[in-house]
Each structure stands twice: as structure tokens, then as C-alpha cells.
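Just the one chain here, laid out as C-alpha cells, in the form predicted on its own.
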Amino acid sequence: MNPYILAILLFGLGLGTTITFASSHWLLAWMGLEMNTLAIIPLMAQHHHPRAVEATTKYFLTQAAAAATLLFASITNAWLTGQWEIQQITHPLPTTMITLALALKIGLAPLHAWLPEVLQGLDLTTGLILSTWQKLAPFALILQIQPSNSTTLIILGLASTLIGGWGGLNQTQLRKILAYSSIAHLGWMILVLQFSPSITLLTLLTYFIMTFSTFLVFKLNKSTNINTLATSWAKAPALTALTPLILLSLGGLPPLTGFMPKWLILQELTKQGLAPTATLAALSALLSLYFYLRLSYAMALTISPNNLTGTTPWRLPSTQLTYPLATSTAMTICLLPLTPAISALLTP
């Protein structure tokens, strides 16, 4: 892609998100979300592969439907209450509609079906943008609206953690596994949203760091399915030794960074008297952990040529920068001891 066009599209992505962040009016927020969608579409379709075009079409249709629902709900709110302020939304009908529209935008279950399909059709760099940056603007809006009944968010959150765990169990394609992982993580964020928005933001931040590391590892190895992971030890042995730690951090195992948000969320849910919800969420994390362990096993404990049909790719030196990967990997593995400091920063 022409670097000037790429710069304009990336600037459009940044501008769309910034407009949504800065807006207090529903029309402006909607406009920012639309700019976001339209800026990423050429990035998604740049390879002209049928899978990429199909993924782009699916993404465009779901995002357009979500944006139309959002616009309709905000007009309904203006009609019922006579004002367009985002934080003044009080009527339960537009509130629920907007929550569901934003859930469709970020891919929360049961409105998640587009996300694995779309992510599977993209290259890893665009997939990374879709899994991280594109979640920011809808999340800013979800944080600003106060839902009238908390059950909607808890149902969305629990469904997402369970479906994000179940869906990933049978997958062999890494991008689909990362999509289900994204659904599960978003479920955790939505569960605690109404009780402690600061913990939600912390979870979002740690999710970004861990996903960034995972996508960069797969990009460095040029691997898109489980079989090609087994050849990675010959390309980057040190990275192959660290990758299981990154994956287990995504799964939320204790000595790693990924345990911190899960720990704080379970603690907060128990404080709010939602012990059964916390138990169910913790059990659903086991499902996710299983498929992260599968990836770790394929990467660190099987030697290619293995008995699976995996072709050994050419071992060309990678041109990818390793500094971002090194930084994010260190953060993915080592940030758990900072939990008290981060908690102190987050408490208002």
C-alpha cells in the first residue's frame, strides 16, 4: 500500500477514536465510530484475497448495523427525553439498545459471531488493529452510559466468557483462537464494568499488552495455524521459550501479568455479593486456559517434523522490529508484583 494512503488511513483511525473520546453529543460519537469503521476497511481489503474481501464485507455490514442501531437509539432518546447528552441518558429503552449496539460493535456474545470469521480473513497486523484499537471508541461510550439494569451487562459478560472459552476449544487457526480469546477477555471487562470502571480500564490495558505480544510473536514466526507453531524453535529459540509464558499470561495464571485483572475482578464481584457469577467466570477461564495450553504444547513441546501435516517454511531472517515485542513481552510476563501500586492509582 502507498505510504501516503496508509498514513491517511491510520490518521483517520486515530481521529475517529479521538472524536468519540472527546464527544458529549451522541451524533458526534456516532460520527467518530463511522470514521473508525471506514478508515479500517481499505486496510482490511488491501490484499485483494477473496477471504480478505469477504471478511471486510462482513465487518462492514455488522459495523453499519451496529452504528445504525446506535443512531436510532440516540434519536429515540432525544425524542423521549429531549436531550442528546451522552451522560444524561436515563430512559431504559434507548440505554438497552445502545448497550446492545456497542456490544455488537466490539463483539460481545451473543453478538460475537462476526469476530472470528472476520479476524480469520485478515493478516496479523490488521488483525492486531481490529483486536485492540477498534475496541477503544465503543468502550469509551460503554463506560459513559450508566445502564439502568445491571443484569444486561452481567448476562453479556458471562455469555462472552463462556462462549469465548468454548468456541476456542476446537480451533486450529491461530487468528480464530485469538478472536475467541478477545471475546472472553471482553466478557471479563463487561462483568465488572458497573461496579468498578477503573478495574475495567486496567483489564483493557493488560489485554492490549498481552494481545500485542501474542500477535507480534505469530507475525515474527509467520504462523497462522497450530501446525506451523512447531517449526518456530528453529527460527527464534529464545522467543519460543518465552511464548508459552505469554500465552499462559493471556490465560491468567498467577505469577504472570494476566492474573492481576482476573484477581481484582473476582474480588470485586465477591464484594458485590455476586459469588455465583464470580465462580462461573473463574470456571470459564479454565476453558480458555485449555486452548492456551494447547498452543504452548504445540510450540514448546513438539518438534517439527511432527506427525501432523505441517510443511516447514523457509527460514528467512525477519525484518520485523523486535524492540516493541521485547518491551511488551516483558510487560506481559512481569507486571504482577506492581498490583498494589496499580490498585492504589486506580482507587478514586
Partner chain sequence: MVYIMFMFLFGLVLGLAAVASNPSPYFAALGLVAVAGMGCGVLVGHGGSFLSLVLFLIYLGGMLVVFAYSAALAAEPYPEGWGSWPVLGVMMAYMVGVCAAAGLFWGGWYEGAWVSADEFAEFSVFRGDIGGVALMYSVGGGVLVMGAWVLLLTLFVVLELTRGLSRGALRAV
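Computed from a predicted model, the values in this text were never measured in an experiment. Positions refer to the first chain, counted from 1.
The same protein also has a form predicted together with its partner chain, omitted here; what follows describes it.
A.B. asks: Within 4.5 Å, heavy atoms only, which of 41, 293, 280, 65 is in contact with its partner chain in the predicted bound form?
C.D. replies: In short, 41.
A.B. asks: Against its partner chain in the predicted bound form, would residue 1 count as a contact residue? Criterion: heavy atoms within 4.5 Å.
C.D. replies: Yes, contact at 4.5 Å.
A.B. asks: May I ask you to state whether residue 341 is within 4.5 Å of its partner chain in the predicted bound form, using heavy atom distances?
C.D. replies: No, no contact at 4.5 Å.
A.B. asks: Using a 4.5 angstroms cut-off on non-hydrogen atoms, would residue 8 count as touching its partner chain in the predicted bound form?
C.D. replies: Yes - in the predicted bound form, heavy atoms of residue 8 and its partner chain come within 4.5 Å of each other.
A.B. asks: Does its partner chain come within 4.5 Å of any heavy atom of residue 53 in the predicted bound form?
C.D. replies: Output for residue 53 is yes: heavy atoms within 4.5 Å of its partner chain.
A.B. asks: Please name which of the stretches 66-74, 45-53, 319-327, 280-288 has residues with heavy atoms lying within 4.5 Å of its partner chain in the predicted bound form.
C.D. replies: Of the stretches listed, the one contacting the partner is 45-53.
A.B. asks: Each of 15, 28 and 35 within 4.5 Å of its partner chain in the predicted bound form, by any heavy atom, yes or no?
C.D. replies: So, yes: the whole triplet contacts its partner chain.
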